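First comes one chain, alone, set out as C-alpha cells in the form predicted alone.
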Amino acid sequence: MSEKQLGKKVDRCLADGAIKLGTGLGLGIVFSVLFFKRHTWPISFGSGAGLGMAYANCQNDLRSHYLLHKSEKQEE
C-alpha cells in the first residue's frame, strides 16, 4: 500500500469518525432530553456507539488491501 493510499484511508477514517461521533452525540442528547429526563448516560452511550462503529469501519478499511472503493474505481 502506498503512502498516498494510506493517507486517503486515514482521511476517510477521521471523517467517518467525526460524522459518527457527532451523530451519536446528537442522538444521545435528543434521547436524553425527550425520553430519559436529562440523564447523561444516553449521551455517553450514543457517543460510544458512534466511536465504536467508526473504529470498526476504520479497522476494516485499513485491513482491506485488495478492495477498491467506488471513488478509486472512477479515478482509474
Partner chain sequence: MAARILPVLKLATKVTIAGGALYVAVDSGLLGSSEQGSQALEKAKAAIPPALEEWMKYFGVEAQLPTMPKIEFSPVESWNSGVRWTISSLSEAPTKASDYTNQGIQYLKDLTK
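Residue numbers count along the first chain shown, from 1. Keep in mind it's a predicted model, so treat the numbers as computed, not measured.
The form predicted together with the partner chain exists for this protein as well; it is not shown, and the discussion that follows is about that form.
Using a 4.5 angstroms limit between non-hydrogen atoms, residue 27 touches the partner chain in the model of the complex. Proximity of residue 10 to the partner chain in the model of the complex: non-hydrogen atoms within 4.5 Å are absent; the residue sits far from the partner. Heavy atoms of residue 31 reach within 4.5 Å of the partner chain in the model of the complex, making it an interface residue.
Along 15-33, these residues reach a heavy atom to within 4.5 Å of the partner chain in the model of the complex: 16, 19, 20, 23, 27, 30, 31.
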